[in-house]
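Below you'll find only one chain, the form predicted alone, shown as structure tokens.
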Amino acid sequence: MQLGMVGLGRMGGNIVRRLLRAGHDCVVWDRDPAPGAALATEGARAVAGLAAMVASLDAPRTIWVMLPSGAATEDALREIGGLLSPGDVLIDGGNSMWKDSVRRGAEIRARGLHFLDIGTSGGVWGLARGYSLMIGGEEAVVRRLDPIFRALVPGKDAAGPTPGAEGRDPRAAEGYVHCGANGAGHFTKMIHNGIEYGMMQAMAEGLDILHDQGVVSASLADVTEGWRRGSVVASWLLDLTAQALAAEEDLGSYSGTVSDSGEGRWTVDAAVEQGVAAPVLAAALFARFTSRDEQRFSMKALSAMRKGFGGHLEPPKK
């Protein structure tokens, strides 16, 4: 299938590479021409602008926008929407606020176009491991683009079968879920990232306690390496933490200042709006705020995890 990709950063560029390896035809553009030129050597068709991208795709067109949330995404969707024809599909695969996706979906559908909001998880490892996709939009459009999504997700054998999952949507067992109407994809990704905050914070605080005690003589690198095998806290986050500790026991190159992406805040906001108690997620968010004034080993561990899965590296405190 054909796909246009706007935004060729850590996520967008590797999504294109995974699609190219599966035999799909990708037309790419970024305001920085360098990543497009690099992808052109791998089989993509790089174009000079959005109008050229639309002209290069056969109808019905599908264009995926992978840009930072906020004005960059808003402006790109508006400009591309003005170039497309009825029946074409616009995808926002970034970390947009779900309420914006509800509004954008209504506006785009009113013009005869289709809109999918896709929460995309997998970070810099998605090229090799595959991505988890959380999709909001029309079922018919999701089914039409199924070959694209199947090329991106890990596949049904990646995690093994889940007992009792028989009869459920088989796509979920492969790594992508049609979550509902517009907004549902980004809402689900928001909650995913809120949970991620809590899991990371728990692991980081435990390591902080181990780091500061005088009882255990084994290194943190050895402890986390042992936990990776057979323990109930074994996870990809633990894998990344163990790798970081093996490379640098004191995590001295990490600043200990941990940014929040926005989705943690939105998750806590949603909990307040719904009257749902979420003390762990709220505390994890507030801990990131605290990291801007007080650096502890736990915050360096959080920084190491964020770099491991997403390529995020916080600058040193000014």
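Here, rigid core means the biggest group of C-alpha atoms that superpose within 1.5 Å across both forms. Just count from 1 along the sequence shown to find any residue number. Note that the structure is a prediction, hence the values are computed from the model and not measured.
Not on display, but discussed next: the form predicted in complex with a further copy of the same chain.
Undergrad: Would you point out which of 154-162, 75-83, 140-148, 107-115 contains residues with a non-hydrogen atom within 4.5 Å of a further copy of the same chain in the model of the complex?
TA: This holds for exactly one stretch, 154-162.
Undergrad: Is P35 a contact residue for a further copy of the same chain in the model of the complex, using a 4.5 Å heavy atom cut-off?
TA: Close contact is absent here: in the model of the complex, P35 is far from a further copy of the same chain, nothing within 4.5 Å, heavy atoms only.
Undergrad: Would R292 show up as a contact with a further copy of the same chain in the model of the complex if we use heavy atoms at 4.5 Å?
TA: The answer is yes: R292 has a heavy atom within 4.5 Å of a further copy of the same chain.
Undergrad: Tell me, yes or no, whether S96 is in contact with a further copy of the same chain in the model of the complex, where a contact means a heavy atom of each within 4.5 Å.
TA: No, S96 stays farther than 4.5 Å from a further copy of the same chain in the model of the complex.
Undergrad: Could you tell me if A271 has a non-hydrogen atom within 4.5 Å of a further copy of the same chain in the model of the complex?
TA: Because a heavy atom of A271 falls inside 4.5 Å of a further copy of the same chain in the model of the complex, the answer is yes.
Undergrad: Heavy atom within 4.5 Å of a further copy of the same chain in the model of the complex: which of L39, M53, A278, C26 fits that? Just give me the one.
TA: So the residue touching a further copy of the same chain in the model of the complex, by this definition, is A278.
Undergrad: May I ask you to list the residues of 220-259 that have any heavy atom within 4.5 angstroms of a further copy of the same chain in the model of the complex, in sequence order?
TA: Residues within 4.5 Å: L220, A221, D222, V223, E225, G226, W227, R228, R229, G230, S231, V232, V233, A234, S235, W236, L237, L240, T241, A242, Q243, A244, L245, A246, E249, D250, L251, G252, Y254, S255, G256, T257, V258, S259.
Undergrad: When the rigid core is used for the superposition, does V16 move between the shown form and the other one (threshold: C-alpha shift of 2 Å or more)?
TA: The answer is no, as the C-alpha of V16 shifts between the shown form and the other one by less than 2 Å after core alignment.
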